[in-house]
Ligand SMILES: Cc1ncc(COP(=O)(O)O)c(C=O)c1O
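Take a look at this single chain in structure tokens; it is the form predicted on its own.
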Amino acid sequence: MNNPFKVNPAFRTYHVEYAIRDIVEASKEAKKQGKELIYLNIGDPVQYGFKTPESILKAVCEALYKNYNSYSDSVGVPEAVDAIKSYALKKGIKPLDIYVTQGASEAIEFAIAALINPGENILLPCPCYPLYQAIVAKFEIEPRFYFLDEENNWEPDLDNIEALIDKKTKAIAIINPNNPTGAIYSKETLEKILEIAKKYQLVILSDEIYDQFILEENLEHISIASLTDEIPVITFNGLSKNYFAPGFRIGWGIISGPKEMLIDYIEAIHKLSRTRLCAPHPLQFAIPEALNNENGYIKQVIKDLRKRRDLLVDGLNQISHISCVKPLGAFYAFPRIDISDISDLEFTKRLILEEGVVVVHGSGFGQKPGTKHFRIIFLPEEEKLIKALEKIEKFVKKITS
């Protein structure tokens, strides 16, 4: 070319980061060096041997053979929407509208993009699943992070939430059960969040993708939307975790609250839905098969995960300079590092390069200033978790001796 030039990316991409995927680069380097890696970084149950239920696979195959391979309605096929509505009602949610998406992540993006303008702000938990930071960076929305209280089982700090609100605040996002901490929020906490949302006229975005991963026998997951008819709430869920089908990319949003307040917002979400035509048509037929039947498979999984969680958390708490609050749901733990002169990112990278244990640095999710953490999953079999604990203990002893 006579006039070579460099193609510069748009400004909106500059602050888009995704820590869970970004840590893969350190893993690749360790692999090049011949390290045997123990992957404890990505919350994909299928990669650890959990299988998508046979009945769901059959439902999708049947849809394919019936030639349901055209575009569908942009907000979802009626069978899927009806099943989601029934599931919502069982949880105590009264849906005004339901939209089916390419994973819960797209449902979240539509809800944020249809609500918040550049320069306005949204309250996000700290720590937070990195998808939210990536979305708000893309749309030039200001994130304001409220702390989750490690001393109180990672429940939201309610005073901190209220202190962050101003005239440009449009929404509060909650992740319950929580990624990365495994917390499950109490009814009292959820009711107080509703009081704040009502006082300041905010929309609540509630990510409940792990709502069936309840690891304590006497604990119940409560959908925040089930506690109110007065506050606009968008509840997100999908097939990826509860039904072990992350590759299907099928999720949804459930809009509830006062109809007169939400008519224009619902139409705005529908507009965004129409721009990408539809979620994968044949895969949507997995939704009624999943939601209209009891999820028996997850019951055994929960028993196994409870044992693995206890093994991991007990083991972490026996390692000097490491402490871990017991997660109540999902399949993540967020242990704290009490070692001076090393950042959580350096800790994580060195753990990968020197011991082959792949976890994610806490700063990739956000953490309270002055604290350091890493996220670790307990999906693998117990033998692998024991080996990982041995390597973590070896590494900690080496860097603190």
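In this text the structure is predicted, and so the values were computed from the model without any measurement. Numbers for residues come from their place in the sequence shown, where the first is 1.
Below: the form predicted in complex with the ligand, not depicted.
Enquirer: Thinking of 105, 249 and 332 as the candidate spot, does the ligand come within 4.5 Å of a heavy atom on all of them in the model of the complex?
Expert: So, yes: the whole triplet contacts the ligand.
Enquirer: Go through 173, 83, 209, 286 and name the one with a heavy atom inside 4.5 Å of the ligand in the model of the complex.
Expert: It is 209 that has a heavy atom within 4.5 Å of the partner.
Enquirer: Just to confirm, with a 4.5 Å cut-off on non-hydrogen atoms, which of 99, 213, 129, 185 contacts the ligand in the model of the complex?
Expert: None of the other options qualify; the answer is 129.
Enquirer: Specify the contacting stretch among 235 to 243, 317 to 325, 298 to 306, 220 to 228, defined as having any heavy atom within 4.5 Å of the ligand in the model of the complex.
Expert: Stretch 235 to 243 is the one.
Enquirer: Who in 153 to 170 is close to the ligand in the model of the complex, meaning a heavy atom within 4.5 Å?
Expert: Result: empty, none.
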